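First, one chain by itself: the form predicted on its own, in structure tokens.
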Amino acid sequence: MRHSTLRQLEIFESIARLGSFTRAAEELFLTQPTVSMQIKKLTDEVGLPLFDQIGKKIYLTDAGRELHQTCLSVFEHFSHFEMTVADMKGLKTGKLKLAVVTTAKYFAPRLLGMFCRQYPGVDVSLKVTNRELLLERLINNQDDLYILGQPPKEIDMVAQAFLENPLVVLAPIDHPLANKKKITLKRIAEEPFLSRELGSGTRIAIERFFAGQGLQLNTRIELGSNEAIKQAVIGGLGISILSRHTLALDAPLGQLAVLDVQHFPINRQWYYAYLSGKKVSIVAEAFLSYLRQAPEYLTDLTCHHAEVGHCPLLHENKSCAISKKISSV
């Protein structure tokens, strides 16, 4: 293995990740014969097959899986070395891979934009996915950092709250409850309810909350995105509960009402997380330091109609409840 080159390991990692010699050759701008030759040399050095081919599909052997983990470790060390040297030079350069749950997409790009303005030498990739797939990525250590709601206790991770995530009750603007005050939870539980898909962090929090009150929601439809739920609410299919962040920037104008419900908003938190024992890169550390100041950066995340004293989420000329509360985040 000492005679193996970094280029051979790079080729091997690309094949393992893409599951194809052809796609790896395209990604690395090499010919397929060159890729095959380098993998043959690497296989000879290891002394065991690295890939099994069944039909048109390629699978890692046991030796291949071990080598793949070694490759990832080697590349991570080199990346960390590059960032360390840049840091010694007074620079912040390198890569940051961030994965977030779908609801976090309403604020994560803004956070990243402000971070990149401070550190223009950093290359950022943002993966937006559902909670289930994000936890799978976290377990496999595919990214530097993760942003999610309540972290599961069964995964050994470092998790720290950095931003409030209030949940509010939404209804169409002409709903009979839109003008009511202090609506009871029992009354909300009687309404047709639009729920996020099974496994959603928002859904888990809502179901736990109502179960703790001895109530069960009257779920009518399950939908896989916040946008779909908002449109379904507007269409009169039912009411729902979503993060206030889903309303701050792109609320459908004049078509949604935030109901005044007892015990609401439900106060949750956004967390950043990474696996316990993980050596966080210099760039990731810089981003974590930045996240700890996130409430300061997000004080301007208010309803985009707040400055004129009228919010389209409310059908009377009142101060925007969203604006009032979100400015304290």
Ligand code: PGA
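Heads up: residue numbers just count along the shown sequence, starting at 1. In this text, all values refer to a predicted model and were calculated from it rather than measured experimentally.
If you look for the form predicted together with ligand PGA, you will not find it shown, but the lines that follow are about it.
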**Report entry** V101, G199 and W270 all contacting ligand PGA in the model of the complex, non-hydrogen atom within 4.5 Å
**Finding:** yes
Query - Contact test in the model of the complex: G149 vs ligand PGA, heavy atoms, 4.5 Å - result: yes
**Report entry** S195, heavy atom within 4.5 angstroms of ligand PGA in the model of the complex
**Finding:** no
Requested in this report: Tell me, yes or no, whether K230 is in contact with ligand PGA in the model of the complex, where a contact means a heavy atom of each within 4.5 Å.
Outcome: no
**Report entry** Touches ligand PGA in the model of the complex: S79 (any heavy atom, 4.5 Å)
**Finding:** no
Query - Options 262 to 270, 25 to 33, 285 to 293, 46 to 54; stretch whose heavy atom lies within 4.5 Å of ligand PGA in the model of the complex - result: 262 to 270
Query raised in the report: Across 154 to 181, which residues bring a heavy atom to within 4.5 Å of ligand PGA in the model of the complex?
Result: N165
